[in-house]
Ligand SMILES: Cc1cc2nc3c(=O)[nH]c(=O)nc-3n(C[C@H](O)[C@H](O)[C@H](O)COP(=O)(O)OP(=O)(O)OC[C@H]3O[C@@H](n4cnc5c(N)ncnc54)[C@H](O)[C@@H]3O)c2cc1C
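Shown below, as structure tokens, is a lone chain in the form predicted alone; questions about how it binds or moves come after it.
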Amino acid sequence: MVNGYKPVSLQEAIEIRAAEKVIPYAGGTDLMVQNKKDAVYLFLNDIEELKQITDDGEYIRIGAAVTFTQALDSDLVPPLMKEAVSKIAAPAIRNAGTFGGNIGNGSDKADSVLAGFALDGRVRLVSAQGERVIPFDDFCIRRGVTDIKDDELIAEILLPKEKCALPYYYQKVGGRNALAISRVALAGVYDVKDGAVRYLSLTVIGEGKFTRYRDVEAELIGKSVAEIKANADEYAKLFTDRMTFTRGRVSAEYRRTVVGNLIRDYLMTL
């Protein structure tokens, strides 16, 4: 029985993916500990096309097999994404772990996904039928569930350059200072001109899913920074009232309180 394939080109990987029931991976930092019986793997780490970070003028494009360490060493990757992935596990994990795996895993605590949501990122999916480029909002359906078809591979993450250039906010709260999975985290980018907010994004870890409350974000657009700061508690509550928090190692009440505090802090830094 064949238990794995090692394609050296994206086209070869696509053909295998279309013909065989395989589990794609590159770093395997999450996958290998699962020890799935009789699984057949598609190892993508030898495909140079998936290991590139490029700038096409509109997007910063991060290949699915780019490691977190590679991203941290790149001048192209935006500061928000760098700060988020710098908090992932330990150096050994960051040396092997990849963006495609972090996104494709479907975790509701994936640090690169948090930053991708805040930056209005997109996911490029490829198959023998062609390709799809879809927003993070559509790709991440809920915990453990993504919009990837059985014959598709994650090829790239696309981050709009205009959003990458904006000031950002990022805070992660874990059980310790290092090697911690997020209990709660918040990421956002914003644009302020002439004392008023022109753009603002906000997404959190703690709900059991990733989402953007764009209608609430829109309520802040056009308001003065002074007004937002004066009413930061009220505006933070607009967000938390829409959120449904999950219980895990900490209570839902804890998550709601901490997220509210982080949103208020974010608004006070505008």
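The shown structure was predicted, so the numbers you read here are calculated from the model rather than taken from an experiment. So that there is no doubt, residue numbering starts at 1 and follows the sequence shown.
Not on display, but discussed next: the form predicted together with this ligand.
Contact annotation for V225: none of its heavy atoms lies within 4.5 Å of this ligand in the predicted complex. Interface membership of V197, defined by any non-hydrogen atom within 4.5 Å of this ligand in the predicted complex, is ruled out. When this ligand is considered in the predicted complex, D55 lies well away from it, no heavy atom lying within 4.5 Å.
In the predicted complex, at least one heavy atom of L31 sits within 4.5 Å of a heavy atom of this ligand. For the residues A96, L158, V173, V77, the 4.5 Å heavy atom test against this ligand in the predicted complex is passed only by A96. Among the residues V192, A89, L72, I134, the one placing a heavy atom within 4.5 Å of this ligand in the predicted complex is A89. The chain is drawn here without this ligand; in the predicted complex, the stretch among 238-246, 211-219, 225-233, 62-70 whose residues come within 4.5 Å of it by any heavy atom is 62-70. Using a 4.5 Å cut-off on any heavy atom, the residues of 81-111 that reach this ligand in the predicted complex are, in sequence order, K87, I88, A89, I93, A96, G97, T98, G100, G101, N102, G104, N105, K109, A110, D111.
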